[in-house]
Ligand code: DP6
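Before any questions on binding or motion, here is one chain by itself as structure tokens, the form predicted alone.
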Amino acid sequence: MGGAQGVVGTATYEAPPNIALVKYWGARDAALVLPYNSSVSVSLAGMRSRTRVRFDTALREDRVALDGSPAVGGPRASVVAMLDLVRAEAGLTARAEVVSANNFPTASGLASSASGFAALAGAASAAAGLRLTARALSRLARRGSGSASRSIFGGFVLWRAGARPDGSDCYARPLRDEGHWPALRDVVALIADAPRKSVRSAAAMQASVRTSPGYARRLEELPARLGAIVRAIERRDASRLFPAVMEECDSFRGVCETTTPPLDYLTAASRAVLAEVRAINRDAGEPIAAYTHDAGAHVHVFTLARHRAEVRRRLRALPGVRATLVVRPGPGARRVDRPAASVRRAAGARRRAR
């Protein structure tokens, strides 16, 4: 089926991380990764995970390398679990070699799991000969990391929580493409000595669901806040978007900090960034910047192009901020290799046989 080397198929995908403006934190079904609430994100230009998957009948077990090192423990198990989903869908038994690398820091709150699993979903399904729609690819990526469902798409993305027990109505869809708001900028404050997460987000968020006294109240507040943020994006209204984004981030952080045991992802430098953004807005007399962060120390500060230089100057002056990146909304996941004709023919034969 794959020739002398036993190769069934190979594919390489790239996918971006995304930063959530409305956070996903907590799953009503952890196995299917079905969230309690819908969420909204921005896919980031210039930051990518690149993943190559090769299914090969000569392999005796799955091989997984992340950022140049063999994956072990939970990270490896999560990759193998996604490969198993693809194998079941494609009718394959071949093991796979997975090589994945990020061009940005891993496991530090920059959504490397989102980009990594979106790229893995694309590469693995393509290498197995599946031709998934973007919606189906989003559902598949979700099984590896919930926020990966959003990294399939570029620009501004809505992940629908859905209501069906099987998760068939739980997927992301584009709100607006990456060219929708040309003036919007994300100034990413990279924190020096940012610690790697000791507890994976999937476990941490479920602890919040069980123990945070503010979790239920947050769920009650979210629909109105999500609606306000979506409307502000559609209207390119920074004066309404920026306060709502900070309110949402503060709500998320409050739930983390009231979890048992507490989840505190920020360093002193991270908190200084939050305080500086508040000061920037006070000095301007209006909201010209907005902070947000995920489960990590790095902080994203949204602003408009005309304020970018001032915001960046003030953030770079803070002790503990080692660098800043200026990022725009960017494109979604895409295949970056060309499938060989023999692999296309083999994939077609497998589909006809089923």
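From a predicted model like this one, the values you see are computed outputs, not experimental measurements. From 1 onward, residues are counted along the sequence shown.
Quick note: we don't show the form predicted together with this ligand, though the next part is all about it.
A.B. asks: Is G122 close enough to this ligand in the model of the complex to count, meaning some heavy atom within 4.5 Å?
C.D. replies: Contact check for G122: no, nothing within 4.5 Å of this ligand in the model of the complex.
A.B. asks: Taking the shortest heavy atom distance, is A202 within 4.5 Å of this ligand in the model of the complex?
C.D. replies: Yes.
A.B. asks: Can you tell me whether A290 touches this ligand? I mean in the model of the complex, with a 4.5 angstroms heavy atom cut-off.
C.D. replies: Because no heavy atom of A290 falls inside 4.5 Å of this ligand in the model of the complex, the answer is no.
A.B. asks: Flag V327 as yes or no: does it have a non-hydrogen atom within 4.5 angstroms of any non-hydrogen atom of this ligand in the model of the complex?
C.D. replies: Flag for V327 set to no.
A.B. asks: Can you say which of 310 to 318, 290 to 298, 48 to 56, 61 to 69 gets within 4.5 Å of this ligand in the model of the complex, counting heavy atoms only?
C.D. replies: Single hit among the candidates: 290 to 298.
A.B. asks: Of the residues N102, S270, S208, S113, which one places a heavy atom within 4.5 Å of this ligand in the model of the complex?
C.D. replies: Selected option: S113.
A.B. asks: Going by this ligand in the model of the complex, which residues of 226 to 265 come within 4.5 Å of it through any heavy atom?
C.D. replies: Read in sequence order, the lone residue that approaches this ligand (within 4.5 Å, in the model of the complex) is F252.
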